[in-house]
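Let's start with one chain on its own, the form predicted on its own, as structure tokens.
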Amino acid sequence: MGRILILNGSPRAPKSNSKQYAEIFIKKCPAETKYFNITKTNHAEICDSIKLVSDLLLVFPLYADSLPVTLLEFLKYLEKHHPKNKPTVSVLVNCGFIEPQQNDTAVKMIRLFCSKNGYPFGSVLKIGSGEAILSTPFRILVCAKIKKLVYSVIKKRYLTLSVTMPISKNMFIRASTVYWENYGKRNGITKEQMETMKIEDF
């Protein structure tokens, strides 16, 4: 059984949903794991740790159909500081859309990075409704898929998995609208203000 390095690529890693997903993975994983939040200053330290593992798991949120800049900057560094023995790279990505396939472009970007730089590509877990699902009864569905992800990685039987809340798109939109309206109220922002392009002025 190899060692697994988990990298959280969220810009708000210490308080992120990605951290919660990584914690679930670690709890369910019998293999030795090490965890890092990617920062601007720890790229070299992470690259030193990559030398010692068999698998690398990138955990991150979808940002504008792409990778967050935190992860992009690290990948640029890694491209110039490859370890001699390259681990297999797997992905756990979540988005605020209900459709997990919204994550497909980001996954393709990681696949391209691996292909260009000689890293084996492993498993994928795409999570839809990632901003909300952990606080609902559907959390159990996420935990079950993360468990499958764990064993696909440690047994090297790589899979592409996905999960989301089993509700209609209209129901999801209504629920998310209520969530953001209440979020705005807590911060003194009205629905009308949130709908304007000048939201940053408030």
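Since the structure is predicted, the reported quantities are computational estimates derived from the model, not experimental observations. Start at 1 and count along the sequence shown; that's the residue number.
Although not depicted, the form predicted together with a small molecule is the subject of the following passage.
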Whether 90, 124 and 155 jointly form a contact site for the small molecule in the predicted complex is the question; each needs a heavy atom within 4.5 Å. no
Partner-proximal stretch of 134 to 142, 160 to 168, 36 to 44, 54 to 62 relative to the small molecule in the predicted complex, 4.5 angstroms, heavy atom: 54 to 62
Examine residue 83 and determine whether its closest non-hydrogen atom to the small molecule in the predicted complex is within 4.5 angstroms. no
Is residue 119 near the small molecule? Define near as a heavy atom within 4.5 Å, in the predicted complex. no
Does residue 191 make contact with the small molecule in the predicted complex, using a 4.5 Å heavy atom cut-off? no
My question is simply whether residue 113 lines the interface with the small molecule in the predicted complex - judged by any non-hydrogen atom within 4.5 Å. no
